[in-house]
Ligand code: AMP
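Single chain ahead, written as structure tokens, the form predicted alone.
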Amino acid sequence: MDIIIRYLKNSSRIFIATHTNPDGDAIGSLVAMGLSLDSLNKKITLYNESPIPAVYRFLPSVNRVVRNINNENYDLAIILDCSDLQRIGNAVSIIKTIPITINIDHHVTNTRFGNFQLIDTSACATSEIIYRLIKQMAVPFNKAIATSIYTGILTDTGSFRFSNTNKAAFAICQEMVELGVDPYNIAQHVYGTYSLGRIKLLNLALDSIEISDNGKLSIMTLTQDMFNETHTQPEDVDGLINYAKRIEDVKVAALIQQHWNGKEKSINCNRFHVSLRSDGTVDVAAIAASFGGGGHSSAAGFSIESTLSDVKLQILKLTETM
């Protein structure tokens, strides 16, 4: 960690990015890292290729996150919460022009990209690692940083329900509350309200659920037509897979989400993102890795270009080993 801190303190123009379709940990760690470097008078750029999900737009300084970037002669790149560099999207080409890349993550499937790595698979969230890094840099925590760290840990542990919940999750969150974080306020933003469109999307998603013959796998599907019908965006998908996961006897839930733009749309072949969730008895990180993806043993994902029927067929084959 010492050499990473040295680069952070000696760099002046820093590019900070996290994965597309960001979750609470991705956005929380991104903002916390950026605000801590602000206090060291660094010129920073916060980047995410995807729109910020509505439930996280309350976070301080989240409006500084940009979706498009040009090469601005950065001397350092920090990639957060990404098991693979490709997960940041089109900005990979910019990263290749930056002299030093630091990879900070907690996924077991991390490919160890970058010049320096700060990877702790025992951490409950990347936000936990950022918390430790800020401490080591001797940067004082303010309420904005604390709010971002708290949100990252709260969401990545599923409100302290997931198996990655550790002692640090509670200890850090307690410290953040002592710094002024309001747990009720954050919970209201993250879990309290939904748009009507999201409720309609949820209804369609629930109707799409299919169960494997042995009852151990559930598949939920979201097509572009569903988004169009409900006037929703990909960021409205956050958390929907949990409904498929909580079905009795299901060991693995899969959410197949269709992606396309105007130039790529085809009736024969589309690009899909597949999210996988496990009850803990199946290592979905290994499954995702076999498709070129990654994640944790209980939560992982991958992207694939295929037909919807073929994607479902490949996922249903997973039941043969359950």
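Remember, predicted model here, so these are calculated numbers, not experimental data. Numbers for residues come from their place in the sequence shown, where the first is 1.
Keep in mind that the form predicted together with the ligand is missing from the display, and what follows is about it.
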Applying a 4.5 Å heavy atom distance criterion, does residue 274 contact the ligand in the predicted complex? yes
With the partner left out of view, is residue 300 within 4.5 angstroms of the ligand in the predicted complex by any non-hydrogen atom? yes
Hey, in the predicted complex, is residue 251 touching the ligand, heavy atoms inside 4.5 Å? no
Using 4.5 Å between non-hydrogen atoms, is residue 84 touching the ligand in the predicted complex? yes
Looking at 28-36, 291-299, 42-50, 56-64, which one sits within 4.5 Å of the ligand in the predicted complex if you count heavy atoms only? 291-299
In the predicted complex, which residues of 92-112 put a heavy atom within 4.5 Å of the ligand? 107
